[in-house]
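What follows is one chain in structure tokens, specifically the form predicted on its own.
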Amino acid sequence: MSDQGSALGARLRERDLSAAPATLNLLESTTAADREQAAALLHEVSPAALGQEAPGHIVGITGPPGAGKSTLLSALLHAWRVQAKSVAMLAVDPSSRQSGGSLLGDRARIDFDPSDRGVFIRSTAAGERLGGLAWGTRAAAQALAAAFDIVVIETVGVGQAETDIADVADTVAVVVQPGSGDALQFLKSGIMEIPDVLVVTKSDLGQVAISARRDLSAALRSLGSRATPVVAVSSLPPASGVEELAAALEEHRKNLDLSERRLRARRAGALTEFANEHGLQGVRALGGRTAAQTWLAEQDQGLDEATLVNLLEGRMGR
């Protein structure tokens, strides 16, 4: 038992995809013993241990309910598997108030072959986090990126509090549906500043989809984000735009300073987790959020999020 976390981390480093279920079980556990093992696992797949950032592409997919995210993910999954890319999907569902477990079970909504060993799909509970990303989900994405070619995080809904997806994913795609008025709503809420790729679903609807794409492009121009691609997709057979979307996601990854983005994500995640555990009083003990961010920036770039949290807790105790 004492070596469970390290052993799982070693398997992920060897790109053993079969380690994924046990990895998720461990990272979602809240017992003290499992948290200790989870820290050992994350250390094994940290940049310091790997000698570089984990090679997998972490893709965040978010958008309002009913926008067609699950159907889109089914089509994207097929396109990636045609390219022989291994894929892990973490679908973040609302949490049951009674059990704490996920309510919707997105795995049932995504079309995939259960016997395909190159695919891993897990519905995870959002828990009490308004941002929709519990610690276990963030940690799982970072860990699975060591083994899988692509790791997808699908968040529930979209809103100002859920913009934390941008602090976890390498590439964020925001999904909207035609005729919903989402372009104006996103502009008001600040969501339009998040996406690296914008996706208009149900392009088979014709003129209303064309208008939605035009409105989104105009909204991006108003923000000075001309480089953000807007891709129209129809996931219904015969699907269209899916290969274009996959290519846009990959193109963003190629042009990304991955080390900088992930370093920023780990440090932001560590401070968020510390604040969730210790509250405002704990942050004050560090000298405030700005002082904590400055101190984190002075730490080794290869440290994983769990180690950074432990260091913050040690600093608080001084």
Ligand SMILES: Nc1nc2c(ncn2[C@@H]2O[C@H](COP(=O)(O)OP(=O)(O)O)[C@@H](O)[C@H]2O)c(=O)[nH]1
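This one's a predicted model, so the numbers in the text were calculated from it and none came from an experiment. Numbers for residues come from their place in the sequence shown, where the first is 1.
The discussion below concerns the form predicted together with the named molecule, not included here.
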Answer range among 111-119, 141-149, 70-78, 213-221 for contact with the named molecule, defined in the predicted bound form as heavy atoms within 4.5 Å: 70-78
4.5 Å heavy atom contact, residue 166 to the named molecule in the predicted bound form: no
Using 4.5 Å between non-hydrogen atoms, is residue 66 touching the named molecule in the predicted bound form? yes
Do residue 234 and the named molecule come within 4.5 Å of each other in the predicted bound form, heavy atoms counted? yes
According to a 4.5 angstroms non-hydrogen atom cut-off, is residue 205 in contact with the named molecule in the predicted bound form? yes
